[in-house]
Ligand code: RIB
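Have a look below at one chain only, the form predicted on its own, in structure tokens format.
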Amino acid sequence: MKILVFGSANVDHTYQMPHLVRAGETLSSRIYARNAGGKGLNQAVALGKAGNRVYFAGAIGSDGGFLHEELEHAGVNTRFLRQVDAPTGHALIQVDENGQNAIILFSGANGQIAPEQVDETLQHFDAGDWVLLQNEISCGEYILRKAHERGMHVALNPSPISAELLSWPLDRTDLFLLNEVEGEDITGETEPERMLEEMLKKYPDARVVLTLGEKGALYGAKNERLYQAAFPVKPVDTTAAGDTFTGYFLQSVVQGKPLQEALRTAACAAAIAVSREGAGKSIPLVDEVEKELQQG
């Protein structure tokens, strides 16, 4: 069983700030860093570091070579990563003293993915394989439809939420992984348990993981409900927390681990990532996660 992450690859420009900049305010940054990022890349790195057989499909510009290296260093197969005639996507990230962030995205090469690349990539995958999607690239709906037609399992992190994404055939999704903001945008509910129930009402054949930050995570599928508490940690940078959780949870699902164990492993990995600066580079190796789990 193979996993394909079809997603974004960004250059992250991260600024450590005393607080998130307010409208009309000019504020000096204490620290600046340039790192590999993008939800797709981060989730592929998490899967690779978790020990999975994972492939990454996406697009970068001529300025994105170090993103290719970052993926391969994490054990990700990059044969479906294309270089296009456009700047690599990038993100401007503010991180405050409490580890909270605010992010501006520029799609760049991520917006150059065409149906031809999708078709060429998906022909190398079979029924029963997994594809993991987000909403930071072009052709997201097309990928979802075509993967479903091939009999692949579709995991979706519906971020960022947009009117276009809400028009996708989301009922073809097998696994949703989303946070409270995305849950509210899709369901209109503001209370986590009600969000989960509404998601399962709208998509009864899907499994849903609702991440709640320091409040933990909820899982639901038909008549099954599970809760996982967050691991206590002093946050340094929350940028890749959700992506780390997503990668480690899907890794456990593909390996057939019990769902409560999958949630606990993902929560532990996310806590380690939160305790470090950066996005992709903050994601822990599986040995680090297992060691932390044994100590806990």
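What you see is a predicted model, and the numbers here were worked out from it, not measured in a lab. One-based numbering along the sequence shown.
The same protein also has a form predicted together with this ligand, omitted here; what follows describes it.
The partner is absent here; in the predicted complex, the one residue of 64, 48, 37, 58 having a heavy atom within 4.5 Å of this ligand is 37.
This chain is displayed alone, yet in the predicted complex one of 54, 250, 240, 269 has a heavy atom within 4.5 Å of this ligand; that residue is 240. Contact with this ligand in the predicted complex, judged as any non-hydrogen atom within 4.5 angstroms, is confined among 252-260, 38-46, 65-73, 24-32 to 38-46. For the three residues 156, 174 and 206, a heavy atom within 4.5 Å of this ligand turns up in the predicted complex in no case. In the predicted complex, at least one heavy atom of residue 136 sits within 4.5 Å of this ligand. The shortest heavy atom separation between residue 91 and this ligand in the predicted complex is within 4.5 Å. Interface residue remark: residue 186 is not counted as part of the site for this ligand in the predicted complex, having no heavy atom within 4.5 Å. Heavy atoms of residue 221 never reach within 4.5 Å of this ligand in the predicted complex, leaving it off the interface.
Contacts between stretch 94-130 and this ligand, counted in the predicted complex as any heavy atom lying within 4.5 Å, involve 103, 105, listed in sequence order.
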